[in-house]
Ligand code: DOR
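Presented as structure tokens, the chain that follows is alone, the form predicted alone.
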């Protein structure tokens, strides 16, 4: 008797560790249980994927959803809706919220707020401060925690560890990989007068210059060597950092963002003004070229959106008092797949950066690949869709995107999480059912 699966994704071009092929995928109890030749599997629910690419579910390991939000400000629900609409199945949310996620109670509050409101699976970083250094080894093992986040340079929020002594204390107190925003705070303070004098965001990459980033990254790697702690260097933006980090891949994983691969100075600041303002900044074309080279050389491990939405009213203030950050979780997939279609990177490399890379770096359980026994997480895309990204497509409460008018050549068609269709044909389906992401480093401790 032929088995009938709870869900069959039929006839799509699937991207697996074994290569790219047309096949059926059988799903039971939210997991992948079978592969079959095109049209060979029967399902209670069938997703006809002919002519579409079925990718492993995309994980965005750097978002800022700003919970508790407000009428026009991002929160967990609106941010997760944007993620699902963009084909993203899971997110790591950063701790620089109000209040900061820097203790067990705040982390539990985030998990409680997420339950029944988030459309995608999720985990939350704990922010390191000079007040919780002794507790980090405990906090990093809490349910739903993606690890510790360190701000070496000030950005949105009040989390900051600017001196090497506290940096080393933080790295000494725990064992999971630590994510770090590497900008040198003393140099930022010293150079802020450049931005104040110019009064225009075109000064942003001069204020937060190459040496600001490179100095912090060197300090970070030195501390990581002294403590033997694995680190993840977030949103690397400079040619100099990429060249330096290529020699330290045994201890450091590397992230960059679609913004730094797509936008460049000075054009983006003249065209978008403060909407292009983010930390670290979008830089000149030579840095963008070096980041692309690092993508293709294998130096970069992960692409994260650094989704950090602010309202247009907030962005309309006087620079540099304006907030840094732009929305990006919803546009990550179509923007980067447009680069794939343009020949800037292969489809396999894209999957490596947003699926396999997060799984390897952070030890995700059941996510990051289309393989037997893994969660049935799929980002289903049309690689031949010609369309224009616009502000009115954006689900984030900020209601704008720096990619308004971007001519995309690929589009997310469906988001399937643990076998459940969450988004299809530009519509969210059912109710939010996102769950905490599980990690190998804490699996036995939390679920034993």
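Positions refer to the first chain, counted from 1. What you see is a predicted model, and the numbers here were worked out from it, not measured in a lab.
The same protein also exists as the form predicted together with the named molecule; that form is not shown, yet it is the one meant from here on.
Across the options 320-328, 103-111, 292-300, 126-134, residues that bring heavy atoms within 4.5 Å of the named molecule in the predicted complex belong to 320-328.
Between the named molecule and the residues 122, 310, 283, 367, the one pair within 4.5 Å by heavy atoms in the predicted complex involves 310. Interface residue among 235, 219, 187, 177 relative to the named molecule in the predicted complex, by the heavy atom within 4.5 Å criterion: 235. Residue contact with the named molecule in the predicted complex: residue 150 places no heavy atom within 4.5 Å of it. Taking non-hydrogen atoms only, residue 275 never approaches the named molecule to within 4.5 angstroms in the predicted complex.
Contact annotation: residue 66 falls within 4.5 Å of the named molecule in the predicted complex, judged by heavy atom distances. For the chain shown alone, residue 155 is a contact residue for the named molecule in the predicted complex, at least one non-hydrogen atom being within 4.5 angstroms. Looking at 85-109, the one residue that comes within 4.5 Å of the named molecule in the predicted complex, counting any heavy atom, is 96.
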